[in-house]
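Let's start with one chain on its own, the form predicted on its own, as structure tokens.
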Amino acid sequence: MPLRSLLFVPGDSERKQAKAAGVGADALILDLEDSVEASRLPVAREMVREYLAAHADEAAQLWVRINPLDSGLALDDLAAVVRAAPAGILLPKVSGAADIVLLDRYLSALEARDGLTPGAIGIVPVATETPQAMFALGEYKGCSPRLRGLTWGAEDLAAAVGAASNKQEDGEYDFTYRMARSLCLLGAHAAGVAAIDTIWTNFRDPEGLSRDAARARRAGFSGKIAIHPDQVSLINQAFTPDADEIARAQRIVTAFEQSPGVGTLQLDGEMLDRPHLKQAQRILANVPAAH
């Protein structure tokens, strides 16, 4: 089941960690990067490790965003949290697939140190935060079996190129950042992993979030990152097929099953071919267990 909602939680806030546990996010991303002051990193690492150990059996996957590999902080982050077996590592400010290969090696060594199942910890890079990374989004296929998805970000990329804003006057992303979103989407599907959309920064704008999440799903993203607990339910709703979608997808799959060897068929006056079948199968694969 793809991750629909991934909620950022500051690594050094016990209050926010406690609140996040019950909001229904498919994954929590315990953050050691932007939301934690450098002076508090030792405390935050210990708090994240303790949270991972205490909540290992909960429904939400527990991920950790570490600091960038070239920051001088990443290895200390990993050494502290891997022993508590997070589901995965969110890696910011990557330059390309070589960073995933390097992180894979670090994780393998630490898994061996801690007696963990080799390869169990996944990796998702934030794959558009540096100018160099924009030219590497087609490189991720086969770089590591740990790769679970790609996500993107517009804020750090804007800062890296000295942009006054990443938005146009009407509030839509400028061309560079729309391109980043598209390349992340294509890079993820080329690598055969999940495409995860970036944050909606205004957590007091639920209508805008709903529109943005629906647009991301239509484009081919399978989930979205949240920065506030109130965003989680809206994201889950946007990325969950409704009853009509499920019913139609099942009819398409059934129609092809009943016509083995046929490349095209008609259903409700519409000609359908193999891409329609593939999309129907993807919809059914994304149906939560409650259905």
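Residues carry their position along the shown sequence, with the first being 1. Everything quoted here is computed from the prediction, not taken from an experiment.
This protein has a second form, the form predicted together with ligand COA, left out of what is shown; the following refers to that one.
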Query - Contact label in the predicted complex: I199 to ligand COA, heavy atom within 4.5 Å - result: yes
Query raised in the report: Is R218 close enough to ligand COA in the predicted complex to count, meaning some heavy atom within 4.5 Å?
Result: no
Query raised in the report: Hey, in the predicted complex, does H228 get a heavy atom within 4.5 angstroms of ligand COA?
Result: yes
**Report entry** Proximity of R65 to ligand COA in the predicted complex, heavy atoms at 4.5 Å
**Finding:** yes
Query - Check all three, L7, K16 and K19, heavy atom within 4.5 Å of ligand COA in the predicted complex - result: yes
Requested in this report: May I ask you to list the residues of 189-208 that have any heavy atom within 4.5 angstroms of ligand COA in the predicted complex, in sequence order?
Outcome: I199, F203, R204
